[in-house]
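For reference, the chain that follows is the form predicted alone, supplied as structure tokens.
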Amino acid sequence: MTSDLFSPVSLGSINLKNRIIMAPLTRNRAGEHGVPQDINVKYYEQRASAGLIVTEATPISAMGHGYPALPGIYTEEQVAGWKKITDAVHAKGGKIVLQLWHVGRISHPSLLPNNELPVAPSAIKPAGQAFTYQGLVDYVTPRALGLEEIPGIVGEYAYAAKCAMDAGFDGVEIHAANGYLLDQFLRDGTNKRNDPYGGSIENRSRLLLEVTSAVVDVVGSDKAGVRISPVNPFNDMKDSNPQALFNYVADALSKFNLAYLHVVEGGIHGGGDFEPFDFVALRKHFNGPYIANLGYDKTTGNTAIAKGDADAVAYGVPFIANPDLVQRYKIDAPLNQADESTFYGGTEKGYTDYPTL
């Protein structure tokens, strides 16, 4: 039997009814103190027919925030808020994992405790502007993390992973993509350190591997995935040799027997031009399930699975506008068009009010 988007698959111990993954989508609609609220429950519940939902990126600590109205995963109140979401998704027969996030330099003092400076591998100011409660403001130059602070960051990932399991998630995804903290350590455009976490590819990969090890110790390798974006220039990112770097990362992550590797295959958020990259070669460096993401539709998704280039395919914007995307793909129904003006922040408009078939 040939596999397609509608065939079941197992990612580690997470058994999916189909291979249509809901990609992580920041929506900026959490309640006070980063606590998920009823509107968030409805949003995820509506999309429970996905084979797997990956939640919006969720800060692991107060210092991990970089945008307004984000949900967190480090307080009891946040855990209780997320538990309502996992219960609702599971009641509809869905599976859901939480994406663990630290934004690093892509923040602003106004979003952080005591107006602290954002932290990063190196004190390099990103181009562009931060999205704050006061509107768009220029990024600041971040503070380079001290060597003695890094174990604390690793510990925050581990604690957040424990909180996620307490909240009833089926697993967690470590966000090492799109120009945030772990990606900032990986790529040499942002990492200019000359200690064990900088310089060589092995050193720049060290933090991601330490975080992965700590998270796996908490949740089990069969419930942990990692997301990477080898050539996405979003958030002012670049690397001098992305193929060598991410082939190494895929090899190194293989040793953990992870549930999956989730790969952004290009540039997102209007990130601009990106380097040529052989994603089929990258796929061969990882020994577990591979989730492909970026610009796929039903036809190209089925083709990737049939050729063995992916085990599942993640869809972002189509899931925003089509809570019943799986059913629409199944019967080739027309898709709702997404209203981009409502993507980030706001009310139920453009969030929970898209029509189903």
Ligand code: 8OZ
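Numbering starts at 1 and follows the sequence shown. Keep in mind the model is a prediction, meaning the values are calculated, not measured.
Not on display, but discussed next: the form predicted together with the ligand.
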Given the stretches 173-181, 119-127, 140-148, 238-246, which is the single one in contact with the ligand in the model of the complex, using a heavy atom cutoff of 4.5 Å?
173-181
Going by heavy atom distances of 4.5 angstroms or less, which of Tyr43, Tyr296, Phe319, Tyr67 would be at the interface with the ligand in the model of the complex?
Tyr67
Partner-free chain; cross-checking the ligand in the model of the complex, the single residue of Ile60, Ala57, Val313, Ile53 with a heavy atom within 4.5 Å is Ala57
Within a 4.5 Å heavy atom cut-off, is Asn302 in contact with the ligand in the model of the complex?
no
Quick check on Phe234: any heavy atom within 4.5 Å of the ligand in the model of the complex?
yes
Can you tell me whether Ser49 touches the ligand? I mean in the model of the complex, with a 4.5 angstroms heavy atom cut-off.
no
Going by the ligand in the model of the complex, which residues of 100-122 come within 4.5 Å of it through any heavy atom?
Trp101
